[in-house]
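First, one chain by itself in structure tokens, the form predicted alone.
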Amino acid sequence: MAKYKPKLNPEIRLNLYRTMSECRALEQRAYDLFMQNLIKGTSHLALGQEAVASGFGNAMREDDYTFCTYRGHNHTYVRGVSMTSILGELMGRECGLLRGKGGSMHLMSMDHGALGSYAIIGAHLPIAAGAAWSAQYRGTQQAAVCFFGDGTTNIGAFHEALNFAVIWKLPVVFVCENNLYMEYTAISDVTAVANPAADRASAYNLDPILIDGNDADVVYETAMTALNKAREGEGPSLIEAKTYRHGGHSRADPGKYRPDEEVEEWKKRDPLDVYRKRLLKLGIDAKSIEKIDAETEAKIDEATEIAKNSNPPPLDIADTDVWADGSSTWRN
């Protein structure tokens, strides 16, 4: 199949920038609210990884499926879920996506095709394959996109899901967001290959795809190619996007195990800064960029105030959406 060549006109590029800007604002505000003790427990932020969510978010169809990890605020947001409902969920408020019952690591919206954030490493890859199988069976040309971290590539479910996806030519795109670290351990210290996803693709008869995950244009073009391949019945893709989280693994982690010079070097490749400079170089009016930034700030401020003023969930919903009939009755 020929590689997809999207027309990266100013409108598309401004949309990519807007999405990245809003994702950055959402994650930064989540950090600020955590520091104010308005978000309990912990959270896993994707500050620095916005280009991956933006590129795929702008490439996917409304009826496609997204599967992500506990670091999934942005992947959920780009599917059309509001800032208010995400912040409300993180703060345990009734306006939250799940009425405050799920929290940071359990975002899900069936209405937007965001089929869950999964805290168990690798658990969602076979589920994404199952969703893709359903789409294939129904002939809908929907695609499932499954995001996961570099550590997942050493989990059995990664290999099982890839194997069956290839055998059945499922319309699923597996996206490894390689930010170089698992929880506190460098992926290179515990992996036999340099590129944990791309270097294993050939074992499943897939092309190795290794991209700059901090370049929104590259991510968008790669996403469109993989999604078109899936829709045309040509099977799955495995993409490794090299990126970097600006902070630690979670809010409880200062990230001191990473060399200072490494952190600084990657921050020079901040996806927003890189893309802003590119837009200016391409002749896009600075006022258009400034307008997006101002609108983003107003949007996140409004969402924050609504979420802050929302009530905690009522006690009478504590036992709802918890139990399921696990008996054999569903077979009959």
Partner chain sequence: MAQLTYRDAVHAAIAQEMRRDSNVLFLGEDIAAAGGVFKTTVGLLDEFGKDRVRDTPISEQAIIGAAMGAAMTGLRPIAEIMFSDFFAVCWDLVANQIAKTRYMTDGQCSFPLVIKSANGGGSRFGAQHSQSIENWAMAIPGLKVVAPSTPGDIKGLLAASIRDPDPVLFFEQKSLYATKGEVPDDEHVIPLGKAAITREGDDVSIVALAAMVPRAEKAADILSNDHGISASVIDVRSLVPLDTKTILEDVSKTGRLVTVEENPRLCGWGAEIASIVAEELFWDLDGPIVRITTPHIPLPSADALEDAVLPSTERIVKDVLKLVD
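Residue numbers count along the first chain shown, from 1. Only a predicted model underlies this, so the values are computations on that prediction, with no experimental measurement involved.
Note that the form predicted in complex with the partner chain isn't included here; everything after this is about it.
- Checked against the partner chain in the predicted bound form, the candidates M224, M105, M83, L210 yield a single residue with a heavy atom inside 4.5 Å, and that residue is M105.
- The stretch that touches the partner chain in the predicted bound form, counting heavy atoms within 4.5 Å, is 107-115, out of 228-236, 171-179, 215-223, 107-115.
- Proximity of A131 to the partner chain in the predicted bound form falls within the 4.5 Å heavy atom cutoff.
- For the chain shown alone, I127 is a contact residue for the partner chain in the predicted bound form, at least one non-hydrogen atom being within 4.5 angstroms.
- Not displayed here, the partner chain is kept clear of S288 by more than 4.5 Å at the level of heavy atoms in the predicted bound form.
- Although the partner is absent here, E183 sits close enough that one of its heavy atoms falls within 4.5 Å of the partner chain in the predicted bound form.
- Not one of H73, Y275 and S310 comes within 4.5 Å of the partner chain in the predicted bound form, counting any heavy atom.
- For the stretch 31-50, the set of residues having any non-hydrogen atom within 4.5 angstroms of the partner chain in the predicted bound form comprises K40, G41, T42, in sequence order.
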